[in-house]
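Take a look at this single chain in structure tokens; it is the form predicted on its own.
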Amino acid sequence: MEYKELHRWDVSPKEAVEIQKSLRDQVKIQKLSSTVRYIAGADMSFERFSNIVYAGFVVIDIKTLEIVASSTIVTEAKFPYISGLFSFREVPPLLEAWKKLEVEPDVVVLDGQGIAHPRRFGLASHIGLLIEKPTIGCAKTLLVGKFHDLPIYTDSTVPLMDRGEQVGLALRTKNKVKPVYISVGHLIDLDDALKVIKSTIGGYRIPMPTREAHLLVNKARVEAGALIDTKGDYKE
């Protein structure tokens, strides 16, 4: 798979913030323009006490919920972990894995934020501009925003609000479990993003694309004999 080169990656945190500000107006929120058949999930796993990372994609056939393609890479994360600048650490390794993917997905789901971000330009929005695909942020934790009165039942949703603006949805994927937080990345709107996520809930808290990607990269890390860093791992 190909992607665009929009900027340098060897930047300071201050420069990274300015890049986010300069690119956020390019994010397009719109209805999906074609039928969705293949949905990709992406995730990364980190080696403990080092900058070695395992990045991967899994592509799911929405009709059968079977995995039709996957890719993984092992590389080094060169940007520090800084809240709000997560994409500068994760996107370069994910792009390496994207290049190896042999089935082109119609939509990509990221374990992170889209516009539910202080500068409205999170991981899903950033990579969406680069790969020029509809992208969705489906995060396990909040970065910005608040929600209220989410019912305890499966499929319940309420708006996720930040500074008077709706930036996403809180979605209960299982009865009485913590919600996930859906936000638009690029080339999709919130209604379609919600439909995509609901279509891939397979009885777990996390939708199937990112759940399978999570399992894939953790398997790669374990097979490499890496020390395990469980920070960010989810419980179902």
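The numbering used is simple: start at 1 and walk along the sequence shown. None of these values were measured; they are calculated from a predicted model.
Not pictured, yet referred to below: the form predicted in complex with the DNA.
Contact with the DNA in the predicted complex, defined as a heavy atom within 4.5 Å, is made by none of Y3, G41 and K99.
Interface membership of F79, defined by any non-hydrogen atom within 4.5 Å of the DNA in the predicted complex, is ruled out.
At a distance threshold of 4.5 angstroms between non-hydrogen atoms, P92 is out of contact with the DNA in the predicted complex. Residue contact with the DNA in the predicted complex: T135 places no heavy atom within 4.5 Å of it. Taking the partner from the other structure, the DNA in the predicted complex has no heavy atom within 4.5 Å of any heavy atom of K195.
The partner is not drawn, yet in the predicted complex one stretch among 119-127, 68-76, 101-109, 159-167 has residues with heavy atoms inside 4.5 Å of the DNA: 119-127. Taking the DNA as it sits in the predicted complex, the stretch 206-220 comes within 4.5 angstroms of it through a non-hydrogen atom at H214, N218.
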